[in-house]
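Same chain, two forms, each on its own as C-alpha cells: structure 1, then structure 2.
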Structure 1
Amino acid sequence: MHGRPRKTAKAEDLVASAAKAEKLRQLQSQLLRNHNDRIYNKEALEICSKLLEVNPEVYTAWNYRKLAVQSNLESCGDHEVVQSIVNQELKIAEIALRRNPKCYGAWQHRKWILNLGSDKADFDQEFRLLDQLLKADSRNFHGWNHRRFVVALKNVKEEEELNFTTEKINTNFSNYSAWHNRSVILSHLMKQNAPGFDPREKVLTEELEFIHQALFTDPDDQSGWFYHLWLLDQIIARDSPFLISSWPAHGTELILSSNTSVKDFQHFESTEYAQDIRALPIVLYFNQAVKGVNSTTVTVESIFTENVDLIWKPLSASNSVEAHCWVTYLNISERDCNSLEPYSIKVSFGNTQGLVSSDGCPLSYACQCEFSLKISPHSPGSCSKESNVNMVHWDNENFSRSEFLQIRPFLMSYQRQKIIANSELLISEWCSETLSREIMLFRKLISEINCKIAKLTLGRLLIARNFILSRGIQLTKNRTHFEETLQLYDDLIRLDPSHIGYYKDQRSLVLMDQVTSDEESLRKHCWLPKELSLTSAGQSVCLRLNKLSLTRIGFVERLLWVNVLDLSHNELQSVEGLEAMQLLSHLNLSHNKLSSMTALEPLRPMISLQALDISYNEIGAHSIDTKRYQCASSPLSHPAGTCGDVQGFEDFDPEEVKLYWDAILIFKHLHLTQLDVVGNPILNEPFSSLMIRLVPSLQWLDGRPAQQS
C-alpha cells in the first residue's frame, strides 16, 4: 500500500516466498497444459481454483474457467448441475475478491457468470457481498460498478439506489464513489422526468443544499467539490446545440471587391481559386460540436452555386466528422463581377433532421441568416492578386490608433440576438439567481479560510454567470467580475504551482472573454495597419492580442471578422481555435512557446492566409517530440492502406520526409506570400530550401526575398 515503509525480509520469510513461487510455477504449468489440451474435467478445474487462490490476477486462469463453463454447460442440460456450476463459479470469484477486492479478472468473471445464469443467481447474496466489500472500502469503484450492474440486472428502482447513496454519504461524505453514483442516477431520473424529479430546478436546488453540508463541514475534502462541479454543469448546460455566431452575420451587407472601400459596408478580401473565380466562405459556429452539416440539413439560396453542389467541411484540428465550426464556399465567377445590384443570400437549417450534437441531440429550433452581397465593378484582371506584394512588418510603429475607428460593422457577436431570436434560449430567472447565491456563499467561505478548491469553484461560478448572461442575448455591460476572476486564478497559480498549466489556460479564457466582451473592450486592442498590403480589404483592422500571457485561444466565434491578428509575445503552445477564422490573411505568432510544426495544424484549412510569422518559438528544440505524432495528420494516425495526406510525400526526398513530414503536411495546403521562421532551432538551409519549393507563392522568407534565402 502507498506510504508504508518496506521492511527487510527475514530468512524464514524468504524461504516461504520461494516455496510459494515454486508452487505457483507448478500450478501455472499444469493450467497451461490443460488449457492447451482443452481438458475441462473436475481435477483440471481444481488446479485452476488453487492457482486463483494463490494469485487471482492470472487472467489466463479466468479465461480458462470461462471456456470450461461453456463446455460443461453444452454437454449438460440438467437444471441442478447448471445451478451447481453457477454457484461454484460465483464462489471462486468471491474467494478471489476477498483476497484482492480490486481484482479486475474476478469482477469481470463474476459479471460474466451472472449474465450467463441470472435466473439462477442469488441476488440477495450478491448485495450482501457488495455491502461487506463496500464497508471494508467504501470507495472501491469496482464494487460500485458491479452494484450498478446488479441493480440493472435485477431491475431495482433507481429511487432506492439514490437512497442508498444518501446513506453512504451520510456515513462518510468523503465517499467520492457514492457522489459519482448519485450523479449517474440523478442524471437519468431528471432526463426521464421521473415522478418527484421534475422540475429539475427543484431537484438541483435540493442537491445544492445537500452538498453545502459536506463542503462547509470539511472544505479541504475534494469529493463533494467534484459533485458541486457536476451540479454547476447541470445548471448551465443544454443538451440541444444552437448557433452562436456566423459569418457573414445576419443582416450584413457585403461588398466583394479587390480595390474598393465604401463606408458602412462590410468588406471581404476574396480568395482566388482560379484566375476568374473567387470564393466567399460561409461559416457556422455552434455552441458545441455537431455533425450532419451538409446540403441536406443546411440550405443556401443564392444565384452563384446550387445548394446541392456545396460541400460543408468541419473546421477541426482532428480528423473528426464533428466540429463546433463548419464552412462552405460560394464560388463567384468572373461573369458575376459586372452587376451593380446586390445579391441576396439566405442560409437556413433546422427544418430537416440530421444535424445533431455528438450525443445525438437535434437542434431545437429552425434558424435563418440572410445577408446581401454586392460585387463592385473592376477593371479586367483586378480579381487577380498582385504578382508582387510588400513585406509585412509587425513593429509597433507600423500600427496606429484612431479615435474614429469604426469596428461595429465587424463585430459578429452583436448579431447573436438576431440569430437566435426565435429560440427558447433565454436564461431562466432561477438559473441566474442560483448562481448569484452560490457566488455570495463561496465569497463568504474564502473570506474565512484560504481554500484552493473554494477559490477554483468561485472562479468557475463567476465564469458560468458571465456565460449565461451572454447566451441567447446581446453582450451587455452586466457581464462583470472579470477582474475578480483573474485575481482568483492568479492566486491559484501562486498557491498551487503543480496545476499551473490548467490555471493559466483558464485565466487565458477569462482574459479572452473580457477583451471580446463588448465594443469598448475590443476597441482597445484594434489598430490600423500602416504598411500592410490590404487595400483590397477596404478598411483593415488589426486585432493586437500580444503580450497578454495567453496560453490558450478562446471565444474565436466573436472574431470571425478578423483578417489581421497579432498574438505575439504570449505563451501559446497550440493555436487550436484559429481554424474558424476563415478571413484571416495575416497572422503573427512570434515569441510564443510552439514546440513543433504540428502545433500549427489548425492553420491548414485557412486558405486566405498570406503572411505568417512563427519566429522565435521552440520549433525543433526538442530532440524527441512525441507531440509530432499525436496530430491528426501524422502518418501514425492513418491505418494501413488508407488514402489521404500520407500519400503526398512521393514528390519529396525520403530524407526530407523523415525530418520534415509535419511541415510538409501543413505548409503544402497554404498559399503564403510571406513566412518568418527565424529564431527556431529547426531553421537551416535544407529547411529553407524545402519551404521555397513547398510553397510556390512564397515571396518573402525571414525578411528576405524568397529567391535569395
Structure 2
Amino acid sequence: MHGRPRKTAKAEDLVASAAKAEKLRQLQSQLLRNHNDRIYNKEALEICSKLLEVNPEVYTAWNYRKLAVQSNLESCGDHEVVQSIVNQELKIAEIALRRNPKCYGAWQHRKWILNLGSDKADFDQEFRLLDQLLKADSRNFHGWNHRRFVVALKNVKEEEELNFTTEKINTNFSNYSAWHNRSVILSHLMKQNAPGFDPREKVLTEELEFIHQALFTDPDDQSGWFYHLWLLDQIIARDSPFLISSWPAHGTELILSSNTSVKDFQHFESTEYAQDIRALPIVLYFNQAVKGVNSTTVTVESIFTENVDLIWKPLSASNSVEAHCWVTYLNISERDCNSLEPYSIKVSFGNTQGLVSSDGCPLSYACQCEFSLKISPHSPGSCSKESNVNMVHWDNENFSRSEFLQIRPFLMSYQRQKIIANSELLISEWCSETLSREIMLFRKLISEINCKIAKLTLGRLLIARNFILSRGIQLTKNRTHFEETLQLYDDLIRLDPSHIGYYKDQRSLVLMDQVTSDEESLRKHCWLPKELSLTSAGQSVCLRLNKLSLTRIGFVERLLWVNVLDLSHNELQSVEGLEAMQLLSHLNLSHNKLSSMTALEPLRPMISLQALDISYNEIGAHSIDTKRYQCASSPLSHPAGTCGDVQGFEDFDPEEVKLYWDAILIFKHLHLTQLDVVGNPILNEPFSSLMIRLVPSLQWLDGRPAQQS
C-alpha cells in the first residue's frame, strides 16, 4: 500500500514468474480465440475467470466478460439465471480486487454490473467489502470512488456518509480521501441548505474547529492543510462580482489636452485614430473575471458616441470572453465639440441582466460612474505624427523627488464609484472575524513550531484578509501586516527553495499591494521627470517600481491612471496585468527576466504606448515562453495566432515570419516612437530592420534615430 520499499526479485521468484507467464500466454490466447468467435458459454467464461484470477489487468478479458454477460442476459429472461450471472460477475471482480485492490478494470467491471443489476445486487455485502478494503488501506481512492458510486446508487443519506468520513478521520486523520469526500459531501449539503447545515457560517465554523485539531496535532501532515485551504475558500467565497475600479473615476474632471499647467485635474493625452479623432478609453475593473460586458449591459451616456456603437473588449492575456478588466473607446471628434464647457459622461450598469461572473453570478449591485470632460483647443503640432519626439532617458538623474507632488487626484481613480442600489453589506462581519481568528491561531502555531505549510497558510490568510477588507469602502483602514506577510514569504523562500517561484510571485503581489495601498506609500514611488520630453507630453508623474525584486505585477486596478511606469531592475518573467493600464505611454521593463517575445503579449492592447524599454532581458534566449500562467504558447495554440492575425504575415518574408512571428504579432499593433531592445539575445541586424519596417512610427531604436531604409 504505502511506504513499502521495493525489493529485487530472487531467483526462485523469477522461475515462478516465468511459469506464470507461460500459463498466462496460454489462457490469453484461448481467451482471444473465444472473443473472436463470440463464444460465451460456460467453459469459455471459465477460462476468462482463470485468466483474470492470475492477472486482473487484462482489459480485453473484462471487455469480453461484459459482452458475454450482455449476450447471455439477452438470451434468457429467467430471474434466477440473471441473479446468478450478477452474483458470478461480482464474485470475479471481488477476487480480482482482493488480488490487486487498485485494478481499474475490476473496479470498472464491478460498477458496470452493479449498474446493470442494481435491483439484484446485495448492497449490504457491497458496504461490507468496502469497509474491509478501506480498513486495509484507508486511502485507496478506488475504494472511495466506488463508495460514492454505491452511495449514489442506493440513495444513502449524505449525512451518514459524512459520519463515515468522521469515523475514518478519527482512526487516522492523515487521510486525503476522507477529507476530500468530506468536502464534496459538505459542499453539496450546504448548497441544498439541508437541515442541520443551514447557516453555512455555523457549519464552516465547526469544520474549522475540527480541522484545527488535526493541524495542531501534526502540523507537518499535509492532508489536513488541503481541507483547511478548501474551507478558507468557502469562507471567502466570492459569489457576486462588483466593480472595484474604473477609469475615469467617478466624479473626476478630465481635461483632454496636450499641454496644461493645471494640476488639480486629471490630464489625458489621447491617442489619435485620425487627424481629428481622438479616443478616450473607459476602463472597468471588476473584482473577478466577468463576461457579458456589452452595450446592452453597460450604458454610456455621452454626446460623443452612441451607446449602441460602443464595443467593449476584454483586457486579458488569454483573450477569452471573460476578464477582470474591460475597455471601450469613446471617439471624440473635434467637430463635435465646440464648447469650452465640460461634457458630462455617465457610465451605468447592473440595471439589466447579462453581466455575470464566470460561474454565472450577477453583479451584486447596480453602479454608476459620472465624470466630465473638458476639451482644450487642439494645438497643432504637438500631436502631429510628423513632429519629432525627443528620446526618453530613464536614468535616475532624469527624475526628481517632490514632496509637494500632488497625486491625490490620481489615487482617487480607484475605489470611487456611485453605488446605486446597495443590496447588502459587502464585507461579512463573520468572514473577517473568522479570518482574524485564524490569523491569531496560526501566529501561535508558528511560534511553537517551524512549519512551512503553517507559514504559507498564515501568509495566505493575511493576504485574504486584506483582500476582504479592500472590498469595502474603507480602504486604508486595518490593512497592515504587510511586513509580516513579506517576512513569511522570505522565510519560505529560504526554507523551501524548490517552490521559490511561487513564493516570489506571492511576495511580489504583497509588495505591490503594500506599495499601492495608500497615498503615502504610493507617493514614495512617484517621481517628477526632469526631462522635457516627458513633461512636454503632458505627463507629470512617473511611477517608479524599480529594484523591488518583483516577479509579477498585481493590483493594477489601483494604477489605471499611470502614464509613465518604470519596472526596471526587477525579476519579472511575465507582465500579465499591465494590459489594463490603458493610459500608459512610457514603460520601462529593462533589466528583467522576460524570456520571450510572447511574454510581451499583454502589451498588445495598450494603444497609448509610445516608448518601450525592454533592454537587458532574456528575450530570444528561449524559443517559447515557459513562464506563462495559463496556456502554453506555440504558434498553434497561442491565442494571438487567430486567422485575422495570420493574414498580416503576408507582408513579410517567410523566413522572417518563421523567426519572428511572435515579435510581429505584438509590435505591429503598437504605435511606438521609441524602442530599446539592446542586451537581448534576439537583437541582431535583421531584427532591427524588421522592427523599423514593422513600426512605422518608430523614431528611436536603441538610442539611435530609426531610419526607414
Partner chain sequence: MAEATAGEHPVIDPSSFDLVVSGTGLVESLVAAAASASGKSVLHLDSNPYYGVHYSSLSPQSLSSFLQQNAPAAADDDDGPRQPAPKSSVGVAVDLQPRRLYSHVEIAGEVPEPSRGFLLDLSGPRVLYCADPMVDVMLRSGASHHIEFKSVDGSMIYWDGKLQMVPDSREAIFKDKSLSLTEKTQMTRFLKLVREHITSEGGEGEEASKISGPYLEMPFVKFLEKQRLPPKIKLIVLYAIAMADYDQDNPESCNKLMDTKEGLESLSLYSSSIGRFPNAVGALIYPIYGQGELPQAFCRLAAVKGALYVLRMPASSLLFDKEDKAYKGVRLATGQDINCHRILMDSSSVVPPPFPSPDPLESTIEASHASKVARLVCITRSSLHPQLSNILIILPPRSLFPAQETSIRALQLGSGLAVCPPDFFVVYCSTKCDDAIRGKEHLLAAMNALFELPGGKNEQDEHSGDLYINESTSKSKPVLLWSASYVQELTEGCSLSSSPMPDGNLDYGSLLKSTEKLFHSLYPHEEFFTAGRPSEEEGDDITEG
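In this text, rigid core is short for the largest set of C-alphas that superpose within 1.5 Å between two forms. As the structure is a prediction and not an experimental result, all values here were calculated from the model. Every residue number counts along structure 1's sequence, beginning with 1.
- Each structure shows the same chain on its own, and structure 2 is the form predicted together with its partner chain.
- Taking the rigid core as fixed, one finds a CA shift for W144 of 2 Å or more between the two structures.
- Shown in the overlay between the two structures, fitted on the rigid core, is a CA shift at L52 of 2 Å or greater.
- Comparing the forms between the two structures on their rigid core, the Cα displacement of K668 stays under 2 Å.
- Core-superposed comparison between the two structures: Q132 shows a Cα shift of 4.0 Å.
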